[in-house]
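Coming up is one lone chain in structure tokens, specifically the form predicted on its own.
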Amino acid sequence: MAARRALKAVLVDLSGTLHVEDSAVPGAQEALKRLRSAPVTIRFVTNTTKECKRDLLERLTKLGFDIAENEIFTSLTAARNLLEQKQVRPLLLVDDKALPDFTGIVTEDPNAVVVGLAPEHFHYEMMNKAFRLILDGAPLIAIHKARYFKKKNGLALGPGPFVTGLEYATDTKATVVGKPEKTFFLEALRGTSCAPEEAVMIGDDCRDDVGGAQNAGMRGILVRTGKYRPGDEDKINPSPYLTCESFPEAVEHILGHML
């Protein structure tokens, strides 16, 4: 087996890995500071569609994380890039707080459907509108297809079940732009001068974070925080490069064994 190339980049998931809503994972702020002392590029990659990048950054800053806006790559950014590339007018099923990331995108007379996490919009009338557009030929674009995510009061449905329902009803397949898509991870690395083999991904979602990263050629570290459930390690093949209790433990492993 060929020797692993030196680690040059660390990709870090946000919700469930660094924080859960407005609470930081214990020790995560200090762990991030220690990671910044290493000779690696850090990128924060997230599927969150509950808020725009500006609001997300504000939330993280209030929690004591030292993160710059240009270090964050979101599935909302990936979705916007695709909309501009396709030059379509989307019906945006996203949380109202995410709309600023679509400023300037024409949405009148929609000819495409974009689905993110949008609890206020996941009702029969809106889903039926999306259904009819797709039947008429509108492409279905899923910002991501997560089954569920972690809230303070427990697990909650993600957009995946709603996207799958539209796929089933219209006999079509969505284009997915966020994790676990290989293109998402490669886009996150763009500008870092790092190959996937020189990167590691840390996240709480075995499929979307770890499985997606490993399929893109990276190593994946699964953390037992956020949405993690016992046995998640066995849900992907190959299994995670490593499973840790939390982000601070993952950082200690990187500093001690991967540089």
Partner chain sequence: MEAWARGVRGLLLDISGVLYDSGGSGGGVPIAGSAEAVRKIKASGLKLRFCTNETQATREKFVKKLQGLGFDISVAEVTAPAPAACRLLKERGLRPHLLVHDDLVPEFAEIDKTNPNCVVVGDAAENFSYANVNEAFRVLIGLEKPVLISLGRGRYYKETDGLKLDVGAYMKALEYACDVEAEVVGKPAKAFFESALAEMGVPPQEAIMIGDDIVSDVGGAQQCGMRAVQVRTGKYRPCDENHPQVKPDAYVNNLAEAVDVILSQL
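Rigid core here is just the name for the largest C-alpha set that superposes within 1.5 Å across the two forms. Numbering follows the first chain given and starts at 1. Computed from a predicted model, the values in this text were never measured in an experiment.
This next part talks about the form predicted together with its partner chain, which is not shown.
Of the options Lys97, Arg147, Lys86, Lys182, which one has a non-hydrogen atom that comes within 4.5 Å of its partner chain in the model of the complex?
Flagged contact: Arg147.
So which of Leu82, Ile72, Leu140, Met127 gets a non-hydrogen atom within 4.5 Å of its partner chain in the model of the complex?
Filtering the options by heavy-atom distance leaves Met127.
Does its partner chain get within 4.5 angstroms of any non-hydrogen atom of Pro110 in the model of the complex?
Pro110 lies outside the contact set for its partner chain.
Is it the case that Thr77, even though its partner is missing from this view, gets within 4.5 Å of its partner chain in the model of the complex, heavy atoms only?
No - in the model of the complex, heavy atoms of Thr77 and its partner chain never come within 4.5 Å of each other.
Answer for Thr175 alone: is it within 4.5 Å of its partner chain in the model of the complex, judged on heavy atom distances?
Taking the distances in the model of the complex, the answer for Thr175 is no, it never comes within 4.5 Å of its partner chain.
Could you tell me if Ala169 has a non-hydrogen atom within 4.5 Å of its partner chain in the model of the complex?
Result yes; Ala169 sits at the interface with its partner chain in the model of the complex.
Verify the flagged residues Arg54, Phe65 and Ile105 against its partner chain in the model of the complex: is each one within 4.5 Å by a non-hydrogen atom?
No residue of the spot touches its partner chain in the model of the complex.
Go through 110 to 133 residue by residue and record those having a heavy atom within 4.5 Å of its partner chain in the model of the complex; state none if no residue qualifies.
The stretch touches the partner through Pro119, Phe122, His123, Tyr124, Met127, Asn128, Phe131, Arg132.
Does Leu155 shift between this form and the one not shown by 2 angstroms or more at the C-alpha, the core having been superposed?
After core superposition, the C-alpha of Leu155 moves 2 Å or more between this form and the one not shown.
Relative to the superposed rigid core, does His123 relocate between this form and the one not shown - that is, does its Cα move 2 Å or more?
After core superposition, the displacement of the His123 C-alpha between this form and the one not shown reaches the 2 Å mark, so yes.
Kindly check if the Cα atom of Lys173 is displaced 2 angstroms or more between this form and the one not shown relative to the superposed rigid core.
Yes, Lys173 moves 2 Å or more.
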